[in-house]
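In structure tokens, the next block holds one chain alone, the form predicted alone.
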């Protein structure tokens, strides 16, 4: 009668094993293989190999297709000592994965050899409950939620767009949210800026935003920047964050954010609103296309009045701001298809969305052919955006 050891011997004879030396080489050359950690949560909490994707053994067959859709891709699985990873390798082969190896010795051998490892961020019991509707989605899972908790997102403006985007980002568990705004809460803001309330009229918007966001989710760290973005401070401020949410209400800030994001290699989730219409797109970290590809020059002031001058439907920024938050979550977790290269236009009166193709301008002064983005000059566009 067969016992476990004889079965394991047969399994190891049928699969391929690799050693920690080869895995170390793969870590030093990212993209060569997908490394899968199949240990349980209590083991994973003690440390993991940098770059590994965590899929507990009990969920491997269920989640592997989302993590590795290409069945011909090189995959290396590891556990604590090499037993469960061998069984996992056989299971993946049965699912049609043709290039799978098990790491002999597992994480125990890795640590004993003094190779680099990291201590992961682990969800607390309260966080498991709070984010349970996220973690049950295989596209997000616990690993995706941890990415959200470790992310740093800057919201430019604590107004109409910054209110809904920051609220939903806080609810989603974005660990650090920066809020930049030099204004105070006015009664006329309350028709659309849902971060604030009547009792806070006269309070700095960044202080009001912090109260609301922290009240919604104490996991969130709110960093307040009570100032305007200028060429003097923009590098220091934007450089601290992973993703920029552009809710600015003026062209000079949008151009400055665009140029700085290109220089730093930061993605920008851009939205704008006017009366009954909203626009949304993503300017990717590689900057193609960028804001200047969409608007090479600002329109004359008389053709682009502010909300204060032209009015805006109060619920419109809620729609566009929430869509901004969706794009941030997708970008941070690494799922779905972003709006990069596409402009989404929403007409509230007709209840219609239209999608326009955005094309990179090879002559764009900030992302065009031959442009060295590291040398982009940052200037304040007040005069330029005021029509000369």
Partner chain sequence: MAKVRIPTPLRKFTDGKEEVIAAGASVRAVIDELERMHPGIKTKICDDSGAVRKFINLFANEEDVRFLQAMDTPLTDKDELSIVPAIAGG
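Numbering follows the first chain given and starts at 1. As the structure is a prediction and not an experimental result, all values here were calculated from the model.
Keep in mind the form predicted together with its partner chain is missing from the figure; the text below concerns it.
Annotated contacts: 131, 214 and 269 are all free of its partner chain in the predicted complex [non-hydrogen atom within 4.5 angstroms]. Shown without its partner, this chain lists 126, 236, 297, 199 as candidates; in the predicted complex, only 297 has a non-hydrogen atom within 4.5 angstroms of its partner chain. Contact with its partner chain in the predicted complex, judged by any heavy atom within 4.5 Å, is made by just one of 240, 275, 228, 71: 275. When contacts are judged by a 4.5 Å heavy atom cut-off, residue 159 counts as touching its partner chain in the predicted complex.
The closest non-hydrogen atom of residue 248 lies within 4.5 Å of its partner chain in the predicted complex. Interface membership of residue 361, defined by any non-hydrogen atom within 4.5 Å of its partner chain in the predicted complex, is confirmed. Its partner chain is not drawn, but in the predicted complex it has a heavy atom within 4.5 Å of residue 356. This chain is displayed without its partner chain, yet in the predicted complex the stretch 339 to 347 from 46 to 54, 339 to 347, 63 to 71, 31 to 39 comes within 4.5 Å of it by heavy atoms.
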